[in-house]
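One chain follows as structure tokens, the form predicted on its own.
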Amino acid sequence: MVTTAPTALETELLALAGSVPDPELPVLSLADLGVVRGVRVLAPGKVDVELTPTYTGCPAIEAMTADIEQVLHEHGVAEVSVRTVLSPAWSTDDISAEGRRKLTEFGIAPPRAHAVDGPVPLSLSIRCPHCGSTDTELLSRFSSTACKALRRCASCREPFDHFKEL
């Protein structure tokens, strides 16, 4: 895509595309997840959307594409092209602060944030979204989706998903 400033219409269409719920974690929108990278109006009634999967081969990308096409068609865009863009790769750092808050409220431990510059923090603990304890244990490296691990809190004994850092 061309790197010009988005028009008011492109900003509106980006918000619509971003409002689509994630098919695997419907508590999050695609904007919360940070996977809709851009929207460009190519001609009247013709739009190009850039979508980055959370990982290469993510099975949800087809559902995301169909849902984006549907919401934009419903808002009067006749021709919608959703392109999968792999570079720059998606990272859990792309999840918005609001998305992290929603994950916690939903009972999923959000991924730990990474510092942009400076030393990498050596905190390996995962905070329980139910009671806040960091005394948790890994039960399985994979949970309901490949993006999540299954953990249990030693304090409240509740199991929970942890959105893995990428």
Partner chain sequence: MTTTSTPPDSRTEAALALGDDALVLSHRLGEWAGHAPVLEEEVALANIALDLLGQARVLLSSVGDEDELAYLREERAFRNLQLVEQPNGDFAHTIARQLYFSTYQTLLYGQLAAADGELAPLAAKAVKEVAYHQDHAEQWTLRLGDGTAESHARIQRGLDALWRFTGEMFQPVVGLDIDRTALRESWTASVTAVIERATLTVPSGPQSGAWTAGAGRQGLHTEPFGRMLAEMQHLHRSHPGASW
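From a predicted model like this one, the values you see are computed outputs, not experimental measurements. Positions refer to the first chain, counted from 1.
Below, we refer to the form predicted together with its partner chain, which is not included among the displayed structures.
Exactly one of the stretches 96 to 104, 128 to 136, 25 to 33, 47 to 55 approaches its partner chain in the model of the complex with heavy atoms within 4.5 Å, and it is 47 to 55.
Proximity of Ala146 to its partner chain in the model of the complex: non-hydrogen atoms within 4.5 Å are present. Its partner chain is not drawn, but in the model of the complex it has a heavy atom within 4.5 Å of Ala89.
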